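The chain below stands alone, shown as structure tokens; this is the form predicted alone.
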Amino acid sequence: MSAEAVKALEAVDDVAHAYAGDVFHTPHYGQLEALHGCVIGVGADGDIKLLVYSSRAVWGEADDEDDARATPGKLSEAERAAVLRALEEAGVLTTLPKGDRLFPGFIDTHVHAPQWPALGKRLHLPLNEWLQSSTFPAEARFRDAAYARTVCRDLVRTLLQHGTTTTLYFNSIHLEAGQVLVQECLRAGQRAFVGKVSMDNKEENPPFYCEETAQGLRDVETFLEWTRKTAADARPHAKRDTPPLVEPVVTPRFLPSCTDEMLTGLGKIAAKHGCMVQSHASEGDWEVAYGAARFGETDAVVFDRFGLMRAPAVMAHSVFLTDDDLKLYAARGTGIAHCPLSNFFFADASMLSRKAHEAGVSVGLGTDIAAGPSPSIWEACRHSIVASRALTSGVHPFKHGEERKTHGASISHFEAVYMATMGGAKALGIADHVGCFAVGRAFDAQLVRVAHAPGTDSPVVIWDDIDDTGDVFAKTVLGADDRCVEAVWVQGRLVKGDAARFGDAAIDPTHGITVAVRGDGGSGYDSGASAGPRKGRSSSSSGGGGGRGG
């Protein structure tokens, strides 16, 4: 018996629930790795304890089935059968439906939570007019914490339904509304990074949506400290060197919205607390011109001057970056939230995602709700491909040949899914924890179902006699939506799907710590009893599922 098989059998006792099926993931840029006959065992802490498979195939830029970068865990059929028997005897195995595939959970690196009710509104306007007439009024409503709770709860639920397991959020300028969003992410079980937005420049912000500098800075520190304590209290058992489920983010909206005093204070807070930073940078002509007129430098240089280009930090859009800007991003470890759909609406240009990757910059995908009128990272994948093809081929009908083209900009579905998973994880500084499947990583996953016969309501139909595994992946990426997302797990907890079929939420990192969300916006955490881990039994997708607690 191989060393891999021995290791897997030894890990069975640490497994609270195991899933047998096929896996698609993109641990490396430009390459799909398909693991056939895969078995993933998840511990009671939500981390992967065991991963084995019977065969592996790759597609993309490096079509080498003997690639040394292969995910460890390949076993002979006899060894894999032994692992399956051990898991069945332990009563923790679920066999996933034939034809379904496990994907890593998607990572959305740019969402404006207060804009959720304004999705799709007034996108015909230029950016600055849209902000003043639609966005700022929508965000100002978050002064009402009860309203904020209603919006945040629906948004978080919707993103999970679409397979988004991690989200980087801009909230509003309101401290209590920020706390509400943190609570709702913890309640629903979504991994999240949440920023209380900072906006104090009275010359650019409307009087109904602008804060005083000193109070704004105090609120940021209060929010950082409260969020860290609240997230820690939600998982007091955890003694692992892994990120909490929700983390705070220093969030200057963008350069026009902030005074120098605010930017200076935020840079000091980020350094003091070792905190992540997010903002918008080099998004459109108006924003770029504003920064050049006020500071005489590019956005990247200005943010760096204030200590806001750091690792991790994520700058949304970053469309109009110079080569020196890209070098600065790479040197500081600052990532990019690529928002291809909203770039079409407001940047009037497309971001060169491949060029940024080749410059050593981590690039994730963002829906940019509500400037991007879709909550789906599946759609963001498709839009990123379209944007790159528009750059590569050109779109002007009266320019011809080389005049119309941007060489080397094109990406495919392989790079798109990488940005939606590993690229986003790298940008957020959690690439050792999520983004692909491997022992020691969190089980953040989505089970994706496609139709294998015509005449169904599925947007993706596979023709088994002509579609190979690479075709299945391509058709899924280019056609899937939330109807295809059958189940979703975050840190091993089932947050979408039928618990009887896929295992219940007993595999819960809180271990009985219930998020008692109160309507008054208080922190409200209760260590009262919940349905704790319970013994399960071996099951298939058609029967009851179970799990075993640690």
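Counting begins at 1, following the sequence as shown. Note that the coordinates shown come from a computational prediction; the quantities given were computed from them, not determined experimentally.
Quick note: we don't show the form predicted together with another copy of the chain, though the next part is all about it.
The stretch from 453-461, 361-369, 244-252, 68-76 that comes within 4.5 Å of another copy of the chain in the predicted complex, counting heavy atoms only, is 453-461.
The single contact residue among Arg404, Arg187, Arg228, Arg85, judged by any heavy atom lying within 4.5 Å of another copy of the chain in the predicted complex, is Arg404. Proximity to another copy of the chain in the predicted complex, defined as a heavy atom within 4.5 Å, holds among His413, Arg354, Arg101, Arg80 only for His413.
Remark: Glu129 does not count among the residues lining another copy of the chain in the predicted complex, judged by a heavy atom distance of 4.5 Å or less. Taking the partner from elsewhere, Glu379 is found to have a heavy atom lying within 4.5 Å of another copy of the chain in the predicted complex. In the predicted complex, another copy of the chain sits within 4.5 Å of a heavy atom of Leu341. Proximity of Ser350 to another copy of the chain in the predicted complex: non-hydrogen atoms within 4.5 Å are present. For the stretch 260-287, the set of residues having any non-hydrogen atom within 4.5 angstroms of another copy of the chain in the predicted complex comprises only Asp285.
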